[in-house]
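Quick heads-up: it's one chain on its own, the form predicted alone, in structure tokens.
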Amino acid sequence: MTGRLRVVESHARRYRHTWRSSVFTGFVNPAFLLAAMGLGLGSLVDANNGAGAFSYLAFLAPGLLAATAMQTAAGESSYPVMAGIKWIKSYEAALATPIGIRDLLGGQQIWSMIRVAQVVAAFALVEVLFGALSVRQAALATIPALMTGVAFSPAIAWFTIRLENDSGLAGLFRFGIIPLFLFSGTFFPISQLPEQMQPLAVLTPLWHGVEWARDWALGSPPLWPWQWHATALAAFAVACFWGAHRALVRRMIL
């Protein structure tokens, strides 16, 4: 683990210069999102009993934790990875030391999870302050959210490593992350999607994270047991880490 921790240390040293802005946005963005979607739109949904036994704000909160974990993991494993490989070439510099490919990738993934944990914790605190969830509910929902980040981080890194330039990253966020955010059960049950789209939503890692978080936080009747969601996310993470490792070896060594 020594090599991986050295990589984490290098990320932490750079983060010392930017942490103030990230902490500010970590609280302000969730507050605006919850106010707009949970309180504004939520009042209209609740008037028609659209969320059933729960207020729309409570229905929305666990899903937003998982979706935020996905977005944070995507941000930490896309442009920073591209920068290390192509722009500032910090990966080449690291590989000139005793640090190896597995250390480099593993350290980057550990740092990504640290950032996901920071953002999810801030978002959970805002949800508690808004009254969307109790402290216990928010704490339970953070675990599936973190697992969602664990699943997405190596997947985005794998995608990024294979790119020659950053134009593909714009497409990733536009045609991948945003549609997942909108149509994987975060804002409404996938049963409200067209019937032919529902199996596609079930295949997405975000759906597993959202359903698991909502199950644990609200006790809503799950379509799948939480153990299945956890297994699906863990298997996806392991497979993508293996793929990212092989891609980085080919990119940096072979």
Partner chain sequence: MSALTTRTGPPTLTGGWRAHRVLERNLMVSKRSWVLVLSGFFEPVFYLFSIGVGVGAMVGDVQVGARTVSYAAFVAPALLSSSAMNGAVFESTLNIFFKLKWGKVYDAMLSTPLRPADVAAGEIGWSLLRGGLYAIGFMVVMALFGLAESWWTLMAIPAALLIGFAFASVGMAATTFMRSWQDFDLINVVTLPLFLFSATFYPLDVYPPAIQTVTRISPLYHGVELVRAFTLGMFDWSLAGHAAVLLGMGLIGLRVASGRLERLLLA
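Residue numbers count along the first chain shown, from 1. What you see is a predicted model, and the numbers here were worked out from it, not measured in a lab.
The form predicted together with the partner chain exists for this protein as well; it is not shown, and the discussion that follows is about that form.
> Since only the chain is shown here, I'm wondering whether Y56 would be in contact with the partner chain in the predicted bound form (any heavy atom pair within 4.5 Å).
The answer is yes: Y56 has a heavy atom within 4.5 Å of the partner chain.
> My question is simply whether L44 lines the interface with the partner chain in the predicted bound form - judged by any non-hydrogen atom within 4.5 Å.
L44 belongs to the contact set for the partner chain.
> How about A36 - does it come within 4.5 Å of the partner chain in the predicted bound form, if we only consider non-hydrogen atoms?
Heavy-atom contact with the partner chain at 4.5 Å: present for A36.
> Wondering, does P222 line up within 4.5 Å of the partner chain in the predicted bound form on heavy atoms?
P222: no, not in contact with the partner chain in the predicted bound form.
> Of these, 203-211, 62-70, 223-231, 188-196, which stretch puts a heavy atom within 4.5 angstroms of the partner chain in the predicted bound form?
Selected range: 188-196.
> Which of the residues spanning 161-186 lie within 4.5 Å of the partner chain in the predicted bound form, based on heavy atoms?
S167, A170, G171, R174, F175, I178, P179, F181, L182, F183, in sequence order.
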